[in-house]
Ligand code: KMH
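Before any questions on binding or motion, here is one chain by itself as structure tokens, the form predicted on its own.
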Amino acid sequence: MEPLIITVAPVGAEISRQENPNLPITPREIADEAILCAEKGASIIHLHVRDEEGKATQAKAIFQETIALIKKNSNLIIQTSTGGAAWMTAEERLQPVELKPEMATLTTGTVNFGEEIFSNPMPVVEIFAKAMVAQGVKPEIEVFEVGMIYNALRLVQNKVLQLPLHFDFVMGVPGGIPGEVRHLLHLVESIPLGSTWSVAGIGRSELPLGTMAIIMGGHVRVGFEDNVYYTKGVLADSNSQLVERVARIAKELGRPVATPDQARKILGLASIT
């Protein structure tokens, strides 16, 4: 199998310090957490940022500051979120792509998201995809339900995107596909041959789905955006603790963990940058 790519999502848009007091919020805190995660085996940081009040923002200047701090002391692949938060406008969400990160997320459909609706009409998805292509940014197709795979393939048919694609299956969000192994198998079987994929299990599904991904040859995302617990009822001390556990399980199962440069090769980033 290819080496395992571990993505860390340390912040997100919804989690607060009331849910886990160890949540990094400032650019310096996020960068310091990212560097620790890199030392434990992460090769990609899925990046959200917060404003001075700790609220989710897509402000380009805050992304720029955070990215510069991360790059100063690590070789991590920067993957900016264009999901932002469900209440943001498309124009707000797209801002960090202008910074030309190596990767950015591209959610290819609309989904119920807890009590909210995460709106991604196909005309907006196409605008996002074209902006990423124009900036030389590799999209990670964010899949909350199986129809989003076929929406991504429509973009390929319309010559907006090219194969191979990289998918991230976000599983267990209330309103999206449940975080169960049988659904993971269905998603993996639904993507084109030659695609790469990772799984982001939400809450208690993070560990079992991540372990299955290691066994199946996929890749894994962990972090406070998806899950703030280490075990049932026990808060994680840090994002790096969650990264370290996945790296340890991979080692036990005989699968090496990818360095950032190995991840670049697996994802085809060397031909993009």
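The model shown is predicted, which means the values in this text are computed figures rather than measured ones. In this text, residue numbers run from 1 along the sequence as written.
Only in words, not in the display: the form predicted together with the ligand, which the text now covers.
- Considering the ligand in the predicted bound form, the lone stretch of 177-185, 111-119, 193-201, 146-154 in range is 111-119 [heavy atom distance within 4.5 Å].
- Only one of the listed residues (L94, I77, A85, L161) places a non-hydrogen atom within 4.5 angstroms of the ligand in the predicted bound form, and that residue is A85.
- Heavy atoms of no residue among T7, D32 and T66 are located within 4.5 Å of the ligand in the predicted bound form.
- For the chain shown alone, A250 is not a contact residue for the ligand in the predicted bound form, no non-hydrogen atom being within 4.5 angstroms.
- In the predicted bound form, E142 approaches the ligand with a heavy atom inside 4.5 Å.
- Contact between A258 and the ligand in the predicted bound form is not found at the 4.5 Å heavy atom cutoff.
- Of the heavy atoms in E206, none are within 4.5 Å of the ligand in the predicted bound form.
- In sequence order, H46, H48 are the residues of 28-63 having a heavy atom within 4.5 Å of the ligand in the predicted bound form; the partner itself is omitted from this view.
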